[in-house]
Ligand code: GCW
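So this first bit is one chain, no partners, the form predicted alone, shown in structure tokens.
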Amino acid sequence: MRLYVCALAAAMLFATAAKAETGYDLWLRYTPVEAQYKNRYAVSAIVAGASSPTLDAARDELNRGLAGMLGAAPATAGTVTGDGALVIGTPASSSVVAGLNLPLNALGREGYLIRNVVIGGRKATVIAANSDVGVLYGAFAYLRLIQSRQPIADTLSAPKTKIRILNHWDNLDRSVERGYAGASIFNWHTLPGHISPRYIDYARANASIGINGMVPNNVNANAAILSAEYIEKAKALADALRPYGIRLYLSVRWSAPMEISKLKTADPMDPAVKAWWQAKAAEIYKAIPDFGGFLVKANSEGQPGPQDYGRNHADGANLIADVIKPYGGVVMWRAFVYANDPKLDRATAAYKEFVPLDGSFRDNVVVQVKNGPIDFMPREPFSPLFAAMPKTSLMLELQITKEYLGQQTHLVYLGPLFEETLKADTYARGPGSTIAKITDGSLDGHATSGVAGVANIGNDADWSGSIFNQANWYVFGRMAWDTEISARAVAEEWTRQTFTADPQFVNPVVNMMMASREAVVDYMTPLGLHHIMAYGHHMGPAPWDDTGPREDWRPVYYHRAAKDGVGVDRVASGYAAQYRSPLKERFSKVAATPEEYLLWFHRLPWDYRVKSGRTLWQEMVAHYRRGVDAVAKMQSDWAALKPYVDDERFGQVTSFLAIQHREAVWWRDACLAYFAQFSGQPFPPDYAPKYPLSYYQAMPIYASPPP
């Protein structure tokens, strides 16, 4: 059910300013179009054939959207009797669609076609596909065109990747690891008896951007999720999501056979362990016939796994893959692993563990690789694993929730980060071997492909902790569907649907969004610095922190600042050599390394001259200051847009930008106060941190200094 706040905006200077909104409706607001567009988008009737839960969902969404945007829901008809009909269906469900002989073969199961046609001398538009879910995706695309004020032109679209999935790091008690938008939306206590309307709205939102899978529980899994009690609950959730084309997967704990059934071991080579997984798979698929499969985090950050028994990752993944293959299930095995070895560069760890196993995994195993080798940093080079496992299906893992990028209060649009990753050329099979081509399976001919996103969703009214965080959920889905779409194009789509299609608003907001990721890199981790956030909560700067229980959890491990210089020599560590030529040669030479990765790959003296002619220290100061200035510009740009936005959402963004500016200043001043003690060089005449280093070091968690 769509929810609106019924308070009127204090002023309505422009027609596009609206009633106050909580943000609950996301990009599916369906507000009235301007008068000049009503004839362009007018629909006389929806012509649908046979009924199914998914086709009914498509028809209901079209009715909802057209009623909201055009003022009334169109009639329902069995045939085209006049101009302006909207025909929906598959050749199997609709005789009208079947009679059009449309070019659907290349669209696969999930693709769709939107086309203007003439039927019996009457002008009509058809949304057609090979499957009901394809029709649903087409219906959402059709409504997106109207919301964006785009012409209803011929469109053929099919997803580039097969698995487009949200990983929720939600715990069974409704707490959310790295979640910044309230408690989990999944209330396991009330399942299976109660299906919250929010589950349906969640499914609608995901289907609208092409997401077709979800994992409702944390990768740091509770074994109870595989108990009979929770399988019954999961079934109810899967049933609710199914009409929207969303398959349910579960994250599992490797030691579940021991914790649930008291087996003495979880050794993947033990016959009793295999029998346990076979029985559990049969139990799950009986309850959920279209169950997607399992996500596994094993032998990582203290989680149990096959290595506890002298086995390797392939041994563990293949055990589960074998028992679920008859059902069509997939195992997503995470490659986020690293040993607690101070002599080993953590960035090299996953490569060393997984590359020797290339070719050992079953064909229904996909190894899930984070975009970078460390951990969702504001910027890091792509993981060298992507180029090194041609015989294994690899799945890209991105983080939508901004664990290291200001969490809910910093406006950081992740589209440029996602695009940077997908377009990165790995040279795995020569030039043009992009991560997009690896993860969609086309480069090496893998049938299983996918992109996973760590969800930023919670039970806050606006779902994501802030209005602009919604854009990161949106862009993830759109880029998972189309790995070649540009971040700017998606930002424009989202802005037009979420706020207004008025170019006087859209253009400055999109520019602001597109600049926001580079701003956060500048004021947090410029020039290849990384992981200098405070330990544990990752909120705020702490480059001085050397107190974590593991050396590679301490920020000092990642910059190693001293009088003689700063940065990590990843040529000596062997990390640079993990890339394919010409990248390994480029990254091995200081002068050839892109400056955005300079201190990632190299340890340099403070007086090293960068391309600008400044010393490394001076360039660091310039980047930190530029980041703060960029946030100040975002504040002024947003302030000028008040006439176009309802007071509630305008106020939230305004207050969060103020927090972001204060915290950007905090980042700048705290980091520069720390690094200054080593650089031996002065601050510019017009700048110095407001407080001494000791002040910043003593600040409590989630506090920023006063203005």
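Because the structure is predicted, anything quoted here is derived from the model rather than measured. One-based numbering along the sequence shown.
As for the form predicted together with this ligand, it is not shown, yet the points below apply to it.
- Using a 4.5 Å cutoff between non-hydrogen atoms, residue 579 does not count as a contact of this ligand in the predicted bound form.
- Though the partner is left out of this view, residue 336 does reach within 4.5 Å of this ligand in the predicted bound form, counting heavy atoms only.
- With a 4.5 Å cutoff on heavy atoms, residue 204 does not count as touching this ligand in the predicted bound form; it lies far away.
- Contact check for residue 218: a heavy atom falls within 4.5 Å of this ligand in the predicted bound form.
- 297 is the sole member of 478, 297, 530, 144 with a non-hydrogen atom within 4.5 Å of this ligand in the predicted bound form.
- Distance criterion of 4.5 Å from any heavy atom to this ligand in the predicted bound form singles out 301 from the list 585, 301, 341, 283.
- Looking at 218-226, 632-640, 569-577, 591-599, the stretch with residues near this ligand in the predicted bound form, meaning non-hydrogen atoms within 4.5 angstroms, turns out to be 218-226.
- Scanning 240-258 for heavy atoms within 4.5 Å of this ligand in the predicted bound form gives no residues at all.
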